[in-house]
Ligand SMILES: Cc1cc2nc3c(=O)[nH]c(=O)nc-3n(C[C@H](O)[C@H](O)[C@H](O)COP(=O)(O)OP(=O)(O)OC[C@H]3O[C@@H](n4cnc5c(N)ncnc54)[C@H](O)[C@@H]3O)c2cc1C
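A lone chain, given as structure tokens: the form predicted alone.
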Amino acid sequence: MSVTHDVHNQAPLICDFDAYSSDTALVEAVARYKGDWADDRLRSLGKIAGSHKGAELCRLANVHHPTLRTHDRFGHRIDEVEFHPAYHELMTIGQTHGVHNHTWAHGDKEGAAVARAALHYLYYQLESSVACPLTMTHAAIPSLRHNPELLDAWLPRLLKDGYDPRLVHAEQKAGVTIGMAMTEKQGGSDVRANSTVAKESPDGTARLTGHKWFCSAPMSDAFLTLAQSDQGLTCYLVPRVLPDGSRNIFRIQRLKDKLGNRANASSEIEYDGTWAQRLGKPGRGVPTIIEMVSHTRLDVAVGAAAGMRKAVRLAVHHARHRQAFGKHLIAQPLMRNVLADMALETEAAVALSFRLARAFDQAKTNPQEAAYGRAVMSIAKYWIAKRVVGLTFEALECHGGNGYDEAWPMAYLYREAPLGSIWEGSGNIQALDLLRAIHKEPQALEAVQAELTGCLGADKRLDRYLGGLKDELANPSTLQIRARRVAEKLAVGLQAGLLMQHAPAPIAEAFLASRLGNGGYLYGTLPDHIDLDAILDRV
């Protein structure tokens, strides 16, 4: 080797580790909300998420992108997507660990939704784009309940923990997945502008004709979709393979060339007399499919927290091994401030997203928790999915030029970070959905206010903040233009209260001093009295 090429002062690969057991904030949240009976499964997935093999599977699935095959060599239309073997192995890991069904497979146990959120959190750190078909499959079951006949047919298939990529009838498979096709090019989030047409038969089946602008995971076994029937926008279930074994008309026009999320084959599809079964009441398509969207929004919040955790882990690891100006980066006071500030943001994101998962867990038996979940779903999705983008960039910058190099993991994370804020409704949609929830269901705002009121008297800074929040909500005539501000203030107030209740004192103090006090706008601006050692030791 040339004497000019002596490789030193580079951070080594992170050794194999358990991403669950090493994550103190996560372990505490799972135990707090009664999901720790799933610890064995969580540790199993955590070890895969923290393994060299897992990292290599992620790399291969993203380097070797999905490929569309519209026709076979004879000219027959087949509409198949081919994936690298790493994708299939990642899907096998997800489904054998129950990421796609854990809430429903263990619905008789308290904390089932919390444990499943933790599985998603860990899997998202393994490979976030392959998480897409798993989260949609998990979220489809509440919507299927609108048609007991379809639920009876599909639930046994969905509760299987196997992965089977074959394009055959669902009854023949070791496991199935369900996707979603709502968005159209002329409407985007405004799904009521959809132009896909459904011609219904008296038996509740229909033939669909139309174009869907985004359809994720087109190799799923069935899709929830929206179309205009004679009675208005209606929800339908579209199987890829029909009961007689023939393929349904499901034309994949192209795969989207996306900024990130590259292992997931987002596609543009056409229905042309496609057979479908009605799901829910005619003209009630949005309320039917929103059951699915609610759960995917929870997953966005949890996944964004997971992205933060992975970014901070990589930044801290780099700082522990990289030297500059005679010291390791982690020993440099300003770098310690940056790392601690990012760790603090991650802790707050975990606290809020898992409190939301707890509300989902309790919704069936506790009306106040159900109301809390309806409001905080939009708050958490809005705030955490936006905060992960700036945090990931800051973690990338901690790596210097290596962070900007595609051979290193930060470039992949940075490309993934914005997706959650766009998917399942962008920031404006979330903020307006929050206003809609508190207008239509006053108990939703009351549940959030009750949570915040329980924190009064614990700290003067928090008391002042909550007083200002009350003023924000006092003038309904201008709420819409201030909707983002309201969502942000509610998110930070809820995070502050949760950290005051459950986090170690140095964590809570750092959050109150920086987020409710006179903190800076960017990471690395924690006040000088903050115990950085306590925060970094916890990471």
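Quick note: we count residues from 1 along the sequence shown, nothing fancier. All values derive from a computational prediction rather than experimental measurement.
Not pictured, yet referred to below: the form predicted together with the ligand.
Across the options 394-402, 184-192, 237-245, 97-105, residues that bring heavy atoms within 4.5 Å of the ligand in the model of the complex belong to 184-192. Among heavy atoms of Q443, none comes within 4.5 Å of the ligand in the model of the complex. At a distance threshold of 4.5 angstroms between non-hydrogen atoms, A112 is out of contact with the ligand in the model of the complex. Using a 4.5 angstroms limit between non-hydrogen atoms, W423 touches the ligand in the model of the complex.
The ligand in the model of the complex comes within 4.5 Å of a heavy atom belonging to N428. With the partner removed from view, the residue among A86, L314, M136, M219 that has a non-hydrogen atom within 4.5 Å of the ligand in the model of the complex turns out to be M136.
For the candidate set T288, S266, N147, S294, a heavy atom within 4.5 Å of the ligand in the model of the complex is found for exactly one residue, namely S266. Counting a residue when any of its non-hydrogen atoms is within 4.5 Å of the ligand in the model of the complex, the hits in 198-229 run F214, C215, S216.
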